[in-house]
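One chain is shown next in structure tokens, namely the form predicted on its own.
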């Protein structure tokens, strides 16, 4: 099997979250598409000395970045709503007036699979240009069976074309569609009995999410969705405590959720519940920034109780039209007071945990997938330091390098 040894580089292994695991003058042996060995180049075992050498010019190698919460596939544009928020309307007020998610739903329902993939392609390229090799893409802008399935089909086709690892998440319980106005329980029944099983039958869903919020669905309604998902063998995750406290995070963690996401209104005394359940707290400072929120998630409590904290772009057309993991790392540090180590771990090993894939991606260790980002940096802390500057030289995935500036 084809082997190569990557050398003349520093390696941030991120094998755990106690440090970067930084190896100066390191080396990584890749066999096929997997990592065979990691260590100091001077300690390269004899059996690997015939591998093809690849000199990486003294750069920094990290695990490929993982964007574990995105809404990348959609149609339409909501720039006018951005303007309305600046004029004084709240996100909830815009949603109640028929804007917000529903304006995207109307456009998305009219789009084909090919059109949805075409529209999302430059968004994915923006993420990949900053080191992303794995991504989660949610549905949730169709809010009816066939449109939701088209979104998930587009996500799969898009990522297969780009060679990016993809988890597709069914988010049928994202908002109440107009045809079910004032009939939320009926819509949840439709999600559970028709939409979700159809998505499973189509083979396009890897996990299930729901929006537990006053402008979306209640704790009992979301619980029903999650219990149905579990009966279908699907892991769950939850948008929870973003705009208010409902108790959705604790409920979801109690049902074994992979992650609970947003969490601005999570109560500090709930952090031990998340820790015991092993749920990852996915923090989304992009939405916090765009919506000009002031309620911070309880990062100190999460840290004190050892709750894994991931970061993600939440890339979406309304509350987080942000397609830069590096900007999100900086926001995680400046807005949420995370450390640069926590920010990088949040886009690597912790994000892998949020997707249930930590046994395969998220750190540079023998036996894991050889999926890397290469940076023109001296130290990993630089990745959280700048805004508007991209030091990513290229990504390695599927046994191949893709260099910055190379045609898609």
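Positions refer to the first chain, counted from 1. Here the structure is a predicted model, which means the values were calculated and not measured.
Same protein, other form: the form predicted together with N-(iminomethyl)-L-glutamic acid, not shown, and the subject of what follows.
If you check N-(iminomethyl)-L-glutamic acid in the predicted complex, you find no heavy atom from any of 62, 128 and 346 within 4.5 Å. Exactly one of the stretches 64-72, 376-384, 50-58, 37-45 approaches N-(iminomethyl)-L-glutamic acid in the predicted complex with heavy atoms within 4.5 Å, and it is 64-72. Interface residue among 142, 308, 318, 298, judged by heavy atoms within 4.5 Å of N-(iminomethyl)-L-glutamic acid in the predicted complex: 318. With the partner omitted from this view, the residue of 168, 165, 78, 123 that lies near N-(iminomethyl)-L-glutamic acid in the predicted complex is 78 [heavy atom within 4.5 Å]. Within this chain, residue 252 is remote from the site of N-(iminomethyl)-L-glutamic acid in the predicted complex, having no heavy atom within 4.5 Å.
For the chain shown alone, residue 262 is a contact residue for N-(iminomethyl)-L-glutamic acid in the predicted complex, at least one non-hydrogen atom being within 4.5 angstroms. Within 4.5 Å of some heavy atom of N-(iminomethyl)-L-glutamic acid in the predicted complex lies at least one heavy atom of residue 242. A residue is said to contact a partner when one of its heavy atoms sits within 4.5 Å of a partner heavy atom; residue 101 meets this definition for N-(iminomethyl)-L-glutamic acid in the predicted complex.
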